[in-house]
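What follows are structure tokens for two forms of the same protein chain, given separately as structure 1 and structure 2.
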Structure 1
């Protein structure tokens, strides 16, 4: 596996910048020294039980991940912003041997790397592991309210990072990461930077909540490669200063986590005409992503963008309700099989979405899509489709229509429901310049694009709120005041 050869490569990087956080920079030598400190503490326990990494994007989080890779113990990143009720639910499921970070009321020993001396890099060795051993556990939201732990193996991660490394057309020198480490989008920027010996620049929570801080950080980072959610890109595009002059070296943007809209790409292309845009798709249960497409100007004329073709070792089918593969052009549930499919969920989660197929271990995603000309297109979630006045409606279609209008900078559409769950109306939240905040004019423009039953109510807002993972925050959106 690729990790067995990674240590000697990282040692050769020496004084090259490895990690940039809050104005400070760590060299590869310093990063490995910190990893050795954590490695020694993990080895003291003599256990192979999971290690919790608790924090935000402090350098010790990445150092501890490396330490866990060397020590062959699963790591479980938990962001400091997670509610304590969720944190406790995670701890009850994993029974950790150790917490690295300042987690209060931890049920096991806590280690604070900053209070320990620098470690001996020569002590770092790869302890024995099997390809199907658990490498890390990421927790996603469960439909029952209990977070579900996705167990990703070393083999899963190995095949994923080899493929991710092949996506940029050039070798990155500085990879800009948006996501917190508890969100699987971070797998791409974290391991891409390691495999290339690149600088890993990360955006903090405080920077992402303040345009002045954010844009100052973007101007200083020197990134040539970025890993973002589409919602984060839309947020950046809402400010006219987000352009090539701010990030003059940006050559590649890798998108995943949400649907990328043609309108978003068109606006990016206007400001970053020479930057390649890669649209990826894949759930946490399939190790970050399993498809990729290089988006061109021709694609932006389509109703929706392709997410591309499957990575090597993966078979993707679009299936009917009985699990039978559908022919190209027919819409159904996306099913992923092959070497990227995770080991499954930790108990007590239901593992019925994982199954065995002739193509190997598979995962039923709950996403809808179809194939056209050999490319996969994702139409939305099965659980996001709604019924309004007898019509089946996909809110994403309305969002797409809104984003084609030149006066709309960003938009999100949610259903208004009765206590019994009946959908009463559609509510659109729209960011636009003050002179364009006219509901009647906007609804009139939508009438040329959508049937009347899909025309939503309009609320103009200053900003579309995002979660810690950079995705749409629906709860906060309802609470956002109109402007």
Structure 2
């Protein structure tokens, strides 16, 4: 596995910049020293139970992740922005041995690496593990109302990162990430930078929220490779100064997480004519991504962009409702089989989307698509799952959260979409007694249960309309007046 040689490679990177965050730069040596501190603390317990990494993008998050990787214990990144009730729901599922970071009310010991002396790099070793052991657990939105923990093995991550490493045409020297570590998009920038001995530049929450700060940071970072969601690129494109003069070294942008639109690529190509654009596709359940397409000018004339061909070790089929592979050109459900398919969900989530096929272990994605000229295209979803600014959201999770509030009698959540299908916002339709119809109070109550990107706009209605079959009548719901 690639990780076995990683330690000696990282040691050889010595004084090169490893991580840039909030104006500070960490060398590879300092990063490993911090990792050694966490490694010593993890090894003290002797347990192989998961370790929670609680924070945002502070350097200790990456140091602790490396420590877990060397110590062969699963890591579970939880972003500080997650509401405490959600964090507690996650903790109940994983029974961690240790939390690294300042989590309040942790059910186990908490370790604050900043308060510990620098670690001894020479104490770092690569402890034995089996390829099928759990390497990390990432939580995604669950339609039952409980976040689902996806268990990814060392073998999954190994094959994924080798492939990601092969995507940029030149070896990256500085990789600019955008996602927080609890989102699987971050796996790409995190490991790409480690494998190349490159600088990993990450953006703070404040930089993400303020254009002046963000653009100053982009101008300073010197990134030659970026890993972004299409929504983030669209946000940047809304400012005219986002162009080659801002990021003169930018050679490759790797996109993943949601549909990349032809119009976005056309606008990017005008501003970054020499930058290569790669469209990747895949769910957390298949270790970040399983297909990639190098987007050309010819592609941007199409109605939708291809997501490309499967990585080695993966077989993708478009199937009918019985699971039979369909011929090219026919639209069906995308099924992914092979070495990227994760181990499954943590109990109590339902693992029925994982199955055994002649091509190996497979995952039914719930995504619809078709093959044309050997390339895969994604057309949408079979279920209600949506992507909002790259975040995966199950409307049912929001409905379940709304229904836990005593003032809510009934609720339904729908995406508000642009003509090209992009989800612009989440709209909740809520039935409540007249004295309880205060959207601010309702949103405040939801804040304690859901991450901020899942908080919908609220429209109070007198009933939730159903079709004759008793299903949600979405057309009638949009036409239902507010009360």
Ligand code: AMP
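Treat the numbers as computed from the prediction; the structure is a model and nothing was measured. Residue numbers count along the first chain shown, from 1. The term rigid core refers to the maximal set of C-alpha atoms that superpose within 1.5 Å between the two forms.
- The form predicted in complex with the ligand corresponds to structure 2, not structure 1.
- Shown in the overlay between the two structures, fitted on the rigid core, is a CA shift at residue 39 smaller than 2 Å.
- Remark: with the core as the superposition reference, the CA shift of residue 53 between the two structures stays below 2 Å.
- After superposing the rigid core, the C-alpha of residue 7 moves by less than 2 Å between the two structures.
- Taking the rigid core as reference, the CA displacement of residue 415 between the two structures comes to 5.2 Å.
- A C-alpha shift of 25.7 Å is found for residue 454 between the two structures, based on superposition of the rigid core.
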